[in-house]
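First, one chain by itself in structure tokens, the form predicted on its own.
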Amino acid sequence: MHRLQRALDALVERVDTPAPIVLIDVVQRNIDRMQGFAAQHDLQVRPHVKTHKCVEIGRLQVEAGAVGITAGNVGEAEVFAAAGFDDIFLAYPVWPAGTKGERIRRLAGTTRLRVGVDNVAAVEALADAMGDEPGRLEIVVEIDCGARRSGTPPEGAGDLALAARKRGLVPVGVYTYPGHGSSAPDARERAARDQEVALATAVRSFAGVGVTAEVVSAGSTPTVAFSTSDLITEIRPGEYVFCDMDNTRLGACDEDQIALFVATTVVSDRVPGQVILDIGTKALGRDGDPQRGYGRIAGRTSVLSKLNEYHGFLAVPPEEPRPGVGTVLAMVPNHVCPIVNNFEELIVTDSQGTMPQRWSVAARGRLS
């Protein structure tokens, strides 16, 4: 029997499905492994909490040696700051409209806060938001290293640093996201090399205007194994804490590092060759496609071939026994981050399924 199914069987009578199950012993090993990797390469770990959105897991990461945390938006940063986290990097080009300007100012008054920028307009708006205390806010310039998402060209990083300094903000360094490393297993190392070249260019751009890039921040889980340049000061992996099928396919994690699965029940078997599970897009999101499926059943070759909002279509190959109605299965998601955001709590146990606890997904729904 697969280890995830074995853990689920031990607590199945105490779980209403669908439900995200976290094996905390595996989580702790993943955290310790990443911290050990960072120590080996003289890197600081600043994990991205968007993956788990859970204060208790964030504390485990900091207790293991993380220098601080990375948040994806102001709301996430507020939740963790309120819980006592005092070193937060908001790695996103925030536009401080509406209440966000005042919220950022309040955060900067209670925690060491860094915010990403990739344009002069945002620099000006953040400085305006900070009023007469711009020196409380640290700025990290985002550069594009090939993902073609957000981020200024690396050679323009210094101009943004200079603009921030002129407004009294504190430019501390540069960061990037090598998202193109998630396209295929052989893309991981190439993207990390692109990242290294882009960061080096950005650091030189800072030096060219007389600013030192003290922070040189790299991501992400798929590329972290290759983010070992002496230039890099910190890494921002997120998904490593749970892992998922996408990272397994990429070779960024092993299957025994998967620490989160979704418990799901077979509710119908009316159609030959498939069963229906009580898990659809409301629980899983839409990560997947017909080729790789929308999630895999642990210990089986069966994958979810289609999703409706509350129905998961599990295609069962002829050589595999078809699970009966009422069977509770462990489903491993393609992408773990949307799963967590869809639930109010995580059921936390260990690989033996003992002593389950319920931990709040405290930053769930905090998207602004």
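Numbers for residues come from their place in the sequence shown, where the first is 1. Small disclaimer: the values here were computed from a predicted structure and weren't measured.
Below, we turn to the form predicted in complex with another copy of the chain, even though it does not appear here.
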4.5 Å heavy atom contact, Thr349 to another copy of the chain in the model of the complex: no
Proximity of Leu260 to another copy of the chain in the model of the complex, heavy atoms at 4.5 Å: no
Check whether Lys50 has any heavy atom within 4.5 Å of a heavy atom of another copy of the chain in the model of the complex, and answer yes or no. yes
Although another copy of the chain is absent from this view, report whether Met130 comes within 4.5 Å of it in the model of the complex, heavy atoms only. no
The chain here is shown without another copy of the chain. Which stretch in 190-198, 230-238, 213-221, 91-99 comes within 4.5 angstroms of it in the model of the complex, by heavy atom distance? 91-99
Ala64, Val325, Val67, Ala39: which sits within 4.5 Å of another copy of the chain in the model of the complex by any heavy atom? Val325
Is any part of 70-85 within 4.5 angstroms of another copy of the chain in the model of the complex by a non-hydrogen atom, and which residues would that be? Gly72, Asn73, Glu76
